[in-house]
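Below you'll find only one chain, the form predicted on its own, shown as structure tokens.
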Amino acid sequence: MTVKKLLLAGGALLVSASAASASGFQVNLGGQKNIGMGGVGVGLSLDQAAMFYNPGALAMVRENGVQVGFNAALARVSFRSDNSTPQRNLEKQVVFPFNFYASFGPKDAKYKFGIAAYTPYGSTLKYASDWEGRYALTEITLQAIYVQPTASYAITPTLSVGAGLTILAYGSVNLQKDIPLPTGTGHITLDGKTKTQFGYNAGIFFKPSEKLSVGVSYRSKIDATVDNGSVTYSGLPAAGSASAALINRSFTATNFTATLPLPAVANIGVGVTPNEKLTIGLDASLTFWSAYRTLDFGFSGNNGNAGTATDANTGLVGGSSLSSSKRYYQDALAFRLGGQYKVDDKLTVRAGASYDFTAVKDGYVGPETPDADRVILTAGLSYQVTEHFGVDASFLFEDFLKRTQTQAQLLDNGTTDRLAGTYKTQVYVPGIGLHYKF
């Protein structure tokens, strides 16, 4: 077991492959109507999901309402090593990003209030038990839920502003990997909950005519910090054996701390309504991934594997109590285009597409984030069951371009804790939502 490989374990912590529709491990599944339109929404005032895409547009949403959406994201990840080994496939896992919104305000008032809950980051990856990178990563799960109380005010009939306090209300991470030991294969699990943290989401919405609208929004960075996460092992030599005395003394840590930046996002969008049936949206987004330079870990605690606890043998994972892993992410652009068409008073259909640029540079791609430029196609519909109640459905298909990194790139960047080879990922995300307007 080398310290370098344990640094990789640290680097992978708190990181997961993207569930859907945004670079890195970001998720852009803010509302079922928006998903069906390629993820646009910054320059539109479709419904209460404006709290996610542009809080400034909420005051322009004519009706109060409550809506909820559920998505099932299935990722198919394959990897082929440079060593010509057989292609490895990710074990099929499904994650369930959701969104919830409720807005309130007097009829015809200039202001609205709302509350939102959504999952801007999170996914699950589980590789086959015997794959080449099992000493880097076997399984990782990340969950992050934001809650966002929001207020929006129409300064004039054509201009409104809004802002929300984003609260990282719940976050968790579970990372697992194998450990190569002289006596066989061990296993380590890092598990923890994030601290409650705060940020903001603000926007401006301008609608100079019935046929044109423009919006800008900005969601700030939040640092997801795990304090006092747990470190557990399995497969270490049995206590009392000669091997245990030699090996186990390097694995005494029981706890860890780590911080991962959940980066800021700036958006601009345009909405065009040529007639009362057709609406078209175009968005551009910039995610400030360059804030993610390194991921540092501190290990602590003592499980007694080294005998009497001392400062020297406390908080050790592979013989080290600290680790730092390079990420050096880059800011990433995304462009989105979509539209909806009202077939009649009951039925509205939608379609869209987007292109997201990768946040991960060549030579830095890891199994926890097999990121790449990606093409996204979406479709959706809404059916208004009654005057107040309706159903929204969406489907998203995401195709990551094939991503290859060589051993030479890893050597040049000092990232040989990762694997040389080729990743290919596709994601399928059906979704369903319910809305009630009043």
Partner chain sequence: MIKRTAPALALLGLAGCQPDIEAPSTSAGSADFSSYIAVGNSLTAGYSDGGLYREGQLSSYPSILASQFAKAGGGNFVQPLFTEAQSNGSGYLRLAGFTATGSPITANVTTNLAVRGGTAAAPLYTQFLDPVNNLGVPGIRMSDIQTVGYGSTLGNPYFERITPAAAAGQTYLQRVQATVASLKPTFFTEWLGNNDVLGYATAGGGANSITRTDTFTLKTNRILNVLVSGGAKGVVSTIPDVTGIPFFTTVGPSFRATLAAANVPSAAPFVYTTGILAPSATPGTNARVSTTLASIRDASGNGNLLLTLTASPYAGLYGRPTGKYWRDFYKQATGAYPTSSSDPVYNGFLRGMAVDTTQAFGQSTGNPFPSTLVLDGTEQTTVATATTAFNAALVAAANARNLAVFDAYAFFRTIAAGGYVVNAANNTTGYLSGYIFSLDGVHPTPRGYAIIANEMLKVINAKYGSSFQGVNANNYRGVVFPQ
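Numbering follows the first chain given and starts at 1. Keep in mind that this is a model prediction, so the values were computed, not measured.
There is another form of this protein, the form predicted together with its partner chain, and it is not shown here; the text below is about that form.
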property	result
Full three-residue contact with its partner chain in the model of the complex, heavy atom 4.5 Å, for 81, 132 and 247	yes
In the model of the complex, residue 157 touching its partner chain (heavy atom, 4.5 Å)	no
Partner contact for residue 180 in the model of the complex: its partner chain, 4.5 angstroms, heavy atom	yes
In the model of the complex, residue 187 touching its partner chain (heavy atom, 4.5 Å)	no
is_contact(residue 60, its partner chain) in the model of the complex, heavy atom dist at most 4.5 Å	no
Which of 191-199, 239-247, 299-307, 315-323 lines the interface with its partner chain in the model of the complex (heavy atom within 4.5 Å)	239-247
Residue (of 109, 343, 278, 333) lying close to its partner chain in the model of the complex, criterion heavy atoms within 4.5 Å	343
Heavy atom within 4.5 Å of its partner chain in the model of the complex - the one residue of 46, 372, 27, 381 that qualifies	381
Residues of 298-329 having any heavy atom within 4.5 Å of its partner chain in the model of the complex, listed in sequence order	none
